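In structure tokens, one chain follows: the form predicted on its own.
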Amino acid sequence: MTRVLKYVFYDLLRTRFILVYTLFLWFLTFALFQFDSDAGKVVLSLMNVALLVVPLVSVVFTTIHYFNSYEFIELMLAQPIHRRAVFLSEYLGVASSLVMAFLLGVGMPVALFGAGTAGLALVFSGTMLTLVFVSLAFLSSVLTQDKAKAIGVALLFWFYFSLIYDGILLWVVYTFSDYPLEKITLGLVALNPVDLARIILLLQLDISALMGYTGAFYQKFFGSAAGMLFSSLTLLLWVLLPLWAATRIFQKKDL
């Protein structure tokens, strides 16, 4: 498994896309810090990148890479290597290369300019969302043998979690506004990794007062040790559950 992982990882590092993705994030982050000396405002601007661009790049790149590597995967499966080891090597290779690109492109400038806890929350959220959407992309890839359909399913995951789910959540809050919904919305937020990452970032930027009483509730919960543990474990589950499902399907799939 280690040899396969090293090959996948180094092969991805040689691709032009990873370099372009890293440079794009690096120049964007540095430019924002140069234009505005307020680290909080810069992190707020980068939040849209972490919540929208990073997941989109993760699902599209992962799905394309999986189908482009199909012949290599078949070759590895012809060797005395367990299917799970080959699949997890592919996942770890893709995930680690995208995470490294994000850390170099965003994490390094954030550390150099000293963005504080908000910057740490940004790096943590971007890293976890990368892992989450790589898992979802692998799940969509093993559900079908058609590349176009797999990309469509992966984009549907991104579109649902990034845009559609917010509309559903707003409808629920508006429809049942006469009832106490703080704990219910907390559960609903946990069902969407993008919303969970967004709330963590907003609370670290000390603008939860703009969210009203619900924001005060989130501040009280996520600001505590229990809240941080809950959010971290929930995001970790969003990484592991799709990966577990994708691995099970891949092991039984007829290539």
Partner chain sequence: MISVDQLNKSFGKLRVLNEVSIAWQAGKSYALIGPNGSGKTTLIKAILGLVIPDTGVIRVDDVPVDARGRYRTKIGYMPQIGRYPDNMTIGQLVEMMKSIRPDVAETDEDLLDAFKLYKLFDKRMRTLSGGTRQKVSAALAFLFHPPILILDEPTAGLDPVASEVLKEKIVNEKRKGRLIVITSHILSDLDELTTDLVYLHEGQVQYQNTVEELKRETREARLTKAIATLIRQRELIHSVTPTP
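Quick caveat, the model's predicted, so the values are computed rather than measured. Residue numbers count along the first chain shown, from 1.
From this point on, the text means the form predicted together with its partner chain, which you will not see here.
- Mapping the unseen interface onto this chain, A78 counts among the residues with a heavy atom inside 4.5 Å of its partner chain in the model of the complex.
- Within this chain, K253 lines the site of its partner chain in the model of the complex, having a heavy atom no more than 4.5 Å away.
- By the criterion of a heavy atom within 4.5 Å, F176 is excluded from the residues contacting its partner chain in the model of the complex.
- Although the partner is absent here, S232 sits far enough away that none of its heavy atoms falls within 4.5 Å of its partner chain in the model of the complex.
- The candidate stretches are 102 to 110, 152 to 160, 80 to 88, 122 to 130, and the one lying within 4.5 Å of its partner chain in the model of the complex by heavy atoms is 80 to 88.
- Taking its partner chain as positioned in the model of the complex, the residues of 53 to 76 that bring a heavy atom within 4.5 Å of it are, in sequence order, N68, E71, F72, E74, L75, M76.
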